[in-house]
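Take a look at this single chain in structure tokens; it is the form predicted alone.
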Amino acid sequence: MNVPIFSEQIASGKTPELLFWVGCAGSFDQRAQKITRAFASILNKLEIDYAILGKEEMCTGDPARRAGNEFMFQMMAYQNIQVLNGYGIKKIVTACPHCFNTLKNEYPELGGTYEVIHHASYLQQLIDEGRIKMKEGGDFSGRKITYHDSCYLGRANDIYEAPRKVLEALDAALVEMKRCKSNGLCCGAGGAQMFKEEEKGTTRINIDRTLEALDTGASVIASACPFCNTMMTDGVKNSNKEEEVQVLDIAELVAASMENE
């Protein structure tokens, strides 16, 4: 894929107006790389003036801070802020709610203030502006889709409608789980839980959550977070339903349903 890199763009005298912050999951996790590719393909197709930092991008430090290592968080944050401010970056879009929350709400007190947008809100904006047009009778038209709210997108930042509006644009039948929106259940990966063994208990939280999603009868579980995607995928595998139920990011759903101009 041809993805522009910020340093190369600057060297050739261009200043991209949008930085796509890929994040660790989107860079290194094989499943999440597909989400990154899907989102980049949408940006490319619409000829949006964007770039990524590439090797200059470090982890935002979110898992370190959640796990209690404040020193490491601040070291990573200062390094990123130096790079971002050095390029004069004003506007950032990311497909990871953890990166979104940290960049938007926690970097300003360390000297990094930017307009940070989550890809759910950005895709909704592009659909509303008529720049993204969906195919008639696309792949997901009429199919039952349920959406799982990411804690860092929903409860932490009050973004509930944008991902749902994106799914409605697919002409799919959106079915809600019993616990949704501000009452949604965490997939179990937030707060650095993604990187540690769970405490003793009778059931894994992601299996509980996936069963709620399966109960809706949906053939697609949509998410807008790479961690949620992993947890829900594991839950679907645990129920031996991977033949019938797909777990997809909203960017993948849009990329598959867009009209080819």
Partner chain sequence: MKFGAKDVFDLSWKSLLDAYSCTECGRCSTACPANQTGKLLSPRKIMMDTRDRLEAVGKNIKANGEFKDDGKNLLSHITVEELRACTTCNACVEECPVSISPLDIILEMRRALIMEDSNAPQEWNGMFSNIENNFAPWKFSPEDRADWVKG
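Every value quoted in this text rests on a predicted model; they were computed, and no experiment measured them. Numbering follows the first chain given and starts at 1.
Below: the form predicted in complex with its partner chain, not depicted.
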{"item": "Candidate stretches 169 to 177, 144 to 152, 125 to 133, 109 to 117, one within 4.5 Å of its partner chain in the predicted bound form by heavy atom", "value": "144 to 152"}
{"item": "Partner proximity in the predicted bound form: C24 to its partner chain, non-hydrogen atom cutoff 4.5 Å", "value": "yes"}
{"item": "Distance check, E47 to its partner chain in the predicted bound form, heavy atom within 4.5 Å", "value": "no"}
{"item": "Contact of E212 with its partner chain in the predicted bound form (heavy atom, 4.5 Å)", "value": "no"}
{"item": "Touches its partner chain in the predicted bound form: V83 (any heavy atom, 4.5 Å)", "value": "no"}
{"item": "Within 1 to 37, the residues that have a heavy atom no more than 4.5 Å from its partner chain in the predicted bound form", "value": "M1, V3, F20, V22, G23, C24, A25, G26, S27, F28, Q33, T36, R37"}
